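The chain below stands alone, shown as structure tokens; this is the form predicted alone.
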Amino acid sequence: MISVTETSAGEPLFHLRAGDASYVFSVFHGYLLHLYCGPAVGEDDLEYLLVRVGHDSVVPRPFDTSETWFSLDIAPQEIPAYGTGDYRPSALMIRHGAGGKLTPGSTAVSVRYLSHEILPGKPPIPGDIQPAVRANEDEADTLIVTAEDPASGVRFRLYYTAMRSLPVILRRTAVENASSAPLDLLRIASASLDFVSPVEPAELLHLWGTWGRERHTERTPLCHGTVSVSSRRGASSHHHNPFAALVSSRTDERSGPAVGISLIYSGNFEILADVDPFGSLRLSAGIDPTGFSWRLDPGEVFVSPEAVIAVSGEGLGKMSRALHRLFRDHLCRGKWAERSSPRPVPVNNWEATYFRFDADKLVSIAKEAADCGIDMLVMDDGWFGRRNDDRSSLGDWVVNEEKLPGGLKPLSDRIHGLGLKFGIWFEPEMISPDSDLYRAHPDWALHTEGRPLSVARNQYVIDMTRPDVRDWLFGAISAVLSSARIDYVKWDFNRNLTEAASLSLPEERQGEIFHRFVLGLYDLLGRVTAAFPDILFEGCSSGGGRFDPAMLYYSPQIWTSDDTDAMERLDIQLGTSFCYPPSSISCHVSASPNHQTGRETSFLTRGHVAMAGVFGYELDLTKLTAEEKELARKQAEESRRIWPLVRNGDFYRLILPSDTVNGKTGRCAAWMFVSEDRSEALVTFVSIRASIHPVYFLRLEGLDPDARYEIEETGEILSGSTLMNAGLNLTKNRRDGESVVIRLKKTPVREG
């Protein structure tokens, strides 16, 4: 619901109500001022939220009025602009070109309100191809505020969508060059929020990592100055994720304020939190401005990526569950993202064979998979060109018939003949120096003339900014996917961008390369997924190097990490869940000893950990013992049985590996799924490091306190309130890496 009232000066005040959250801003002398973002407030006269305080004498005011207190340098703004009096980090910076009313090369800009409109649902932005949340007229309302820079004539459209059943606000900005001169957009944040003088110590929770240990949580106390996380790698990256949450020092999973912000974007990003000398806090998210510029000729429009703001007054868990519901129900698309669609249980051959496979070896794994009740064989890297290692052939998307005689169809037919689905691996955004494609088109590699190309994993990056390159890729990919019955594609991206320039763009547009690369990716992915709607696409980037909401728009699941060690995956998967739904987190049972860490973990525990997301296998099934094969059959069956819980239920992080339990950290982890109607739940507990005489009472969450639940494993019946307040008694001596799963089912109410 969106309501508009008038301030005492007759200017509009906007109150966006999203679920049980409120977002409030108003117009003051034409400036858009942010008043509130948090748990829901009443339909009161909220103009009092505008703080009128003095400022330093050295700080300029934007106009000469009796409002001597007003300065942009302390005013809480919706779209703070550079160069006109706000010296804090800006959301907008423009360089004006020759031929207009302003000094060529000047960068000052001002944003002043003109008008607004409110529309039901979430209308698309004309001409924009970027991934975005979808919502119909019963699910959301959208406010569009039109503003301008009076001096230059540049127009702005600020889009605000309030979800009705979720505490979520969606933000993005469109910049239109309505002037007579070209301009260069140098900075554009998708969302910026100013919190005036927070009463509690604030922290920024973010997800950090690197290859093999992605998305670990970290909380950074905020002090005067700026704390930021970003990527300048051409992808959202292993190192930081385009998500962060503003929390208080007392916020935990179950209580305290949290404002999460996530960017639906796969490229360079920046999320920053800045505290000024008066204690006001600015939180913003958008495209990273380093090296970024975008030329707008008169009449052209630039649209920022969409930002998601999730509000909770009841801890991080509630914030996460709001993001989970939003992404899985309003962002992921296609038949495989539907609530009732089970995902196939795959076995991927990568850790089983690496590049050393042929058709017979794959069929031998597939036969074992069929016997174990597994649904799909995925053929990873090495099926094309002369690809027997990672030194050649990316771009040569033609089947290597020495490995696969007759092409993909004979192999696909053999796999399907066993009752399995068949999937393959692609890395379309890369090109090998040793490839027929590169020898024919060396200019197709992203590069700077006169500068040597950097090499990573023996490959270059293909120039996705070029329509002709994308057209060729679409044709090559389509030819492969049409040549046989293919049910799944793993879309990989194994190096970051360097020497990012393109011969297809003029000098003044070279600053657009990183963003144009991402837009090119979206264009290609959109065309391929539309042409092959029955294929399940899984995102990948050397594991989790591009695990972001935009990729979920095309692939409802993403390979979470190349580290498949179950104990390592506890941090990775639970960290990922702070923003992303478990139904998007691809988790596989791999070999023991693990290929990355050498750690030995039981087959049972590896299965329990992998069932925290999209379940599958990453090992050579032909090497399993009879006992392990029987356990694999049970795991595959169980993963299908619990899929409705994983896809549609609520997820609760009960114990993180970093939590202190019984005075010790790093000893255990626990989580649970609860069905939408609270009739059943699945609880998983993992002992990471054994303790002598451990005492564990695991307090559950999300149950019906007035209902009674039967513990399937023991037959014991306890009330929801007992399970949530007193907890499950899990006291038992457990070895390192031992785990247990508890299933709960609501029992019928006895009459009389």
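Note that residue numbering follows the sequence shown and begins at 1. In this text the structure is predicted, and so the values were computed from the model without any measurement.
One more form of this protein should be noted, the form predicted in complex with a small molecule, which is absent from this view; the next part is about it.
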With the partner absent here, would Asp381, Ser542 and Trp559 each sit within 4.5 Å of the small molecule in the model of the complex, counting heavy atoms only?
yes
Please pick, from Phe603, Trp336, Trp425, Phe532, the one residue with any non-hydrogen atom lying within 4.5 angstroms of the small molecule in the model of the complex.
Trp425
Given that the small molecule is left out here, which of Lys122, Arg171, His206, Lys490 has a heavy atom within 4.5 Å of it in the model of the complex?
Lys490
Any idea which of 442-450, 101-109, 79-87, 373-381 reaches within 4.5 Å of the small molecule in the model of the complex, heavy atoms considered?
373-381
Within 4.5 Å, heavy atoms only: does Arg527 come near the small molecule in the model of the complex?
no
How about Trp350 - does it come within 4.5 Å of the small molecule in the model of the complex, if we only consider non-hydrogen atoms?
yes
With the cut-off set at 4.5 Å between non-hydrogen atoms, does Arg386 touch the small molecule in the model of the complex?
no
Do Arg485 and the small molecule share at least one heavy atom pair within 4.5 Å in the model of the complex?
no
